[in-house]
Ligand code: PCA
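Presented as structure tokens, the chain that follows is alone, the form predicted on its own.
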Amino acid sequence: MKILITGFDPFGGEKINPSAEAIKLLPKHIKDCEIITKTIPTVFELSAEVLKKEILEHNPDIVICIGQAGGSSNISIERVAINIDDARIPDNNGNTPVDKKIKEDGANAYFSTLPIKAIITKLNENNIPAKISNSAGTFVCNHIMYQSLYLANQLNNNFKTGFIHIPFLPEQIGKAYPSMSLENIITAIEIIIETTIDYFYIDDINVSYGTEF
């Protein structure tokens, strides 16, 4: 089994991106599965081009994309990606799409095919703060999650895929924002990978992690 893990380069004036820092330190194998890592640009269309190239080259069974969620104190497991780009800030090439469809022939939304509830349960069991998020935003993180799920449908190889948001690293904090140590982020990613492997052939667990708002 091959597992592709992506992170983003720094954006929005930051000098580092915790997703890129974390994936560099992942082991080459987890549960006898090959781990392939790639840092992709924080650029709307270019990020998808790089991702597609990696998928066609490696033919992974699982694709997990990871990005920074400044201000969050949790590992956020994204449930859904929507077919819209609406940029509050420019991407790293200066693009600021507004209310632009990601794919004209794509669904309005795609749901993660990762075992998101099993993942949350395992993270909580290991004392890592985690939650299910029902919005990946409308910036490049949502864009790449949508593109990955779109590709899984279009290529008909049914790789499992989804998106994870992670907090700032402590060294990024210049203000009173939550953060998480790189060590804990790496541990969380490893747990996410292990759980996805364990549930590759079985359904996600049926427990409620719903919210009222």
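Everything numeric in this text was worked out from a predicted model, so none of it was measured. All residue numbers refer to positions in the sequence shown, first residue = 1.
Below: the form predicted in complex with ligand PCA, not depicted.
Undergrad: If the criterion is a non-hydrogen atom within 4.5 angstroms, does every one of 6, 51 and 147 touch ligand PCA in the predicted complex?
TA: Zero of three within 4.5 Å in the predicted complex.
Undergrad: Should residue 196 be classed as touching ligand PCA in the predicted complex when contacts are defined as heavy atoms within 4.5 Å?
TA: Looking in the predicted complex, residue contacts with ligand PCA do not include residue 196, since no heavy atom lies within 4.5 Å.
Undergrad: Would residue 114 sit within 4.5 Å of ligand PCA in the predicted complex, counting heavy atoms only?
TA: No, residue 114 is distant from the partner.
Undergrad: Quick one: does residue 130 come within 4.5 Å of ligand PCA in the predicted complex, counting heavy atoms only?
TA: Output for residue 130 is no: heavy atoms all beyond 4.5 Å of ligand PCA.
Undergrad: Can any non-hydrogen atom of residue 119 be found within 4.5 angstroms of ligand PCA in the predicted complex?
TA: It does not: once ligand PCA is placed as it appears in the predicted complex, residue 119 has no heavy atom within 4.5 Å of it.
Undergrad: Out of 201-209, 7-15, 21-29, 188-196, where are the residues with a heavy atom within 4.5 Å of ligand PCA in the predicted complex?
TA: The contacting stretch is 7-15.
Undergrad: Can you tell me which bits of 53-75 touch ligand PCA in the predicted complex, meaning any heavy atom within 4.5 Å?
TA: Residues within 4.5 Å: 67, 68.
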